[in-house]
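Starting off, we have a lone chain in the form predicted on its own, written out as structure tokens.
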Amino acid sequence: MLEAILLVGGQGTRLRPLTISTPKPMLPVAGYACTEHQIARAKEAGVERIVLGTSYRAEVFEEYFGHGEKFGIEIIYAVESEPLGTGGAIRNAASHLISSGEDPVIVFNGDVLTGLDISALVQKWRTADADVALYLTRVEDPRAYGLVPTDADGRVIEFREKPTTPEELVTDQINAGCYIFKRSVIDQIPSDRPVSVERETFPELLSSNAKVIGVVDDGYWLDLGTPLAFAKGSADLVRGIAPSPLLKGRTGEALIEPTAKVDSSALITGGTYIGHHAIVGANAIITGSVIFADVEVGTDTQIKNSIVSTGANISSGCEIVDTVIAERAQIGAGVKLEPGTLVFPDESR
């Protein structure tokens, strides 16, 4: 049986105010919780059992997913009572695995949107007889990420966390947040304290001459850690740029839930998602945005590259660009919000 660990314990502070009441991995992306897209991809790769490593608002995940009956995959929960770091979270979740010894365990982060062929990564791990295989991607500016240079055979040379000088920019390959571990390697991670898999576990594996390989995949990859990235990821899913098994046959310029009411004169483009029971008024223009359930958008309002959360009300004649509007917020008629504005719950503008 192929098993996986999905790390979904982060608080998503960079996504506030959206994450004040909802864990980041449970925010809807193109109409589905981000975690649901990832579970669907894991199932597509042959995973039959998945352990969710939770912490912040852990109960939300179990309420939504149960034990996986509706999703065709067994789901188990490993809750952190205190933050354990990435390595500690993996070790904590491992106590719920049934695999052992040489078996592969897929581990992936809960805040990444990717087109990775997970089953192909598992096969490369098998072929290389590796202890760990890392999914790597190339980015134009890698300074905000952990760098992972490899040799000609794909073996990892070192790990460099978030370089601060030009001399440290030894590669554009970064850790993309998905790994294949030999189960016995996970069991070596300390269980009695916080551990960083990036700063401690992986470097120690290299020091002990373990076989750690990096597999570069140049397909779709996006870190959903910021509001604008979140909006872009949702739009890319809707337009079919980012793949998801959940959206096969439903991609296009917009994804509008059947219960939403959108005036026929409104223009909805750029991968916009319109949620359940949302109302969009006459001559509204919405581009590349995420409109949650029960939102009201007034006539002649323009919204671009923004997120409008559940129950918010935007009056007529507004201009909303690169903005995050939290649940139940109220935007008065004719308001123009500066790019980068964050509107918190129950706030009026």
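Everything numeric in this text was worked out from a predicted model, so none of it was measured. So that there is no doubt, residue numbering starts at 1 and follows the sequence shown.
Missing here is the form predicted together with a small molecule; even so, the following discussion is about that form.
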Any idea which of 268-276, 247-255, 227-235, 107-115 reaches within 4.5 Å of the small molecule in the predicted bound form, heavy atoms considered? 107-115
The small molecule isn't shown here, but in the predicted bound form which of G85, P203, G240, P149 has a heavy atom within 4.5 Å of it? G85
Of the options R138, K261, K162, R126, which one has a non-hydrogen atom that comes within 4.5 Å of the small molecule in the predicted bound form? K162
Would L7 count as touching the small molecule in the predicted bound form under a 4.5 Å heavy atom rule? yes
Heavy atoms within 4.5 Å of the small molecule in the predicted bound form: does V215 have any? no
Taking the shortest heavy atom distance, is I189 within 4.5 Å of the small molecule in the predicted bound form? no
Non-hydrogen atom contact D172 with the small molecule in the predicted bound form at 4.5 angstroms: no
